[in-house]
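Consider the single chain below, provided in structure tokens and representing the form predicted alone.
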Amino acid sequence: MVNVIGLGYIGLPTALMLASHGVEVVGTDYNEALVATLNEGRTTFKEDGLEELFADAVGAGIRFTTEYQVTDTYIVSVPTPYDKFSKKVDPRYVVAAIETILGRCPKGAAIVVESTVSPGTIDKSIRPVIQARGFVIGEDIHLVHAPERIIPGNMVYELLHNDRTVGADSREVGEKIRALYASFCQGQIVVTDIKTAEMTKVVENTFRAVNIAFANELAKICRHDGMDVYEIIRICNMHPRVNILQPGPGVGGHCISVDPWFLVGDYPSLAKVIDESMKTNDGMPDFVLERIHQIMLENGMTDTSRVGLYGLTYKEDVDDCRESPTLQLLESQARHLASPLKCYDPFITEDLVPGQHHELDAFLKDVDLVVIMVGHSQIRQNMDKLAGKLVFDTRNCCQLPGTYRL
């Protein structure tokens, strides 16, 4: 049996995927309301294919509980925030999960950390906890790091098809865990050492963050001299060895906006390009706010309450608001603007921020300037409703004449 600890955006799909492919699984989370929802037969977030996967897993016998199980294999998938001052990873949730496991597990158990951590975190923060309890690592407890490689909006497909990395102290244990993931993963599964596995996951997200920062800086340069950054990127990407990503209003989610800071925090004198890239990305919501002010001035607008932000999530067609650029922008506007900006997102049904609408037509009726922060399918399919509005498109998805862009 496998006990998956943490049933959030990563742990739940992993548990469901294992169960639906013949593995006996118990999912554990400290959140009683979350566990109750799952036991009532309902998922806790929206995701393509998740409902079907959930039904398959329930049919295969998956169980959900707040209690840690006695078993020989644990997968830890709990949050790993970072300290915004030091930029270092905060491993307290992983450590707490490990400590609870150690109070239940039999000798010889394997503990697989899926949570993203900075290189060396398992050496510095996890091994000492295990050793302090009198366990011999490699005999009584086997440590493994198997970071996830999936993205909200396409989780189910990517769990099945993406390549994976398994880091372990011994090849034998690594191969055992590789076989566990191979029960459902159709991609290549590489077995390596733990620190390499830690580093590769952080580097993958850092590469994308630096590429996005380059695109965002290009957008600022092109705005300064009246050039079309999207046309420039399109032409440059025709080169066979160039692949510039798209600029945007900021970077959100719990990977690209967070993981690179781990390297900055751990290697402050070495990670200079990464540091500046993250500052560029983090500064984009304020840049968008400045552009809103410029557009208002150009069009004689003075009432910021007639400005509406479309999109609260961090990316299109998901309900995930973690590190959302829109929420970052709203924090800034509270300091700089007299009246709150209105906002709307078809995927966010609860009241999350002041001025939030819950119906597209009502939102559009109450605003004169629409700022597209997220390119949800809904707005792409309803561009005709923006006719007659001022439109500031930060995602380059609106082709209406007169649309303002980054």
Ligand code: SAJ
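Residues carry their position along the shown sequence, with the first being 1. Please read these numbers as outputs of a predicted model, since none were measured by experiment.
There is also a form predicted together with the ligand; it is not shown, and the following applies to it.
Colleague: Report whether the minimum heavy atom distance between residue 91 and the ligand in the model of the complex is within 4.5 Å.
Modeller: Result no; residue 91 lies far from the ligand in the model of the complex.
Colleague: Quick one: does residue 212 come within 4.5 Å of the ligand in the model of the complex, counting heavy atoms only?
Modeller: Contact with the ligand, yes.
Colleague: Please check if residue 208 has a heavy atom lying within 4.5 Å of any heavy atom of the ligand in the model of the complex.
Modeller: Heavy-atom contact with the ligand at 4.5 Å: present for residue 208.
Colleague: Just checking whether residue 198 would be counted as a contact of the ligand in the model of the complex - the rule being heavy atoms within 4.5 angstroms.
Modeller: No, no contact at 4.5 Å.
Colleague: Taking the ligand in the model of the complex as the reference, which of 306, 291, 87, 149 has a non-hydrogen atom within 4.5 Å?
Modeller: Selected option: 149.
Colleague: Name the residue from 174, 119, 248, 285 that puts a heavy atom within 4.5 Å of the ligand in the model of the complex.
Modeller: Contact with the ligand in the model of the complex is made by 248 alone.
Colleague: Select, from the options 95-103, 75-83, 253-261, 119-127, the stretch whose residues sit within 4.5 angstroms of the ligand in the model of the complex by heavy atom distance.
Modeller: Of the options given, it is 253-261.
Colleague: Can you name the residues of 369-406 that have a non-hydrogen atom within 4.5 angstroms of the ligand in the model of the complex?
Modeller: The stretch touches the partner through 395 alone.
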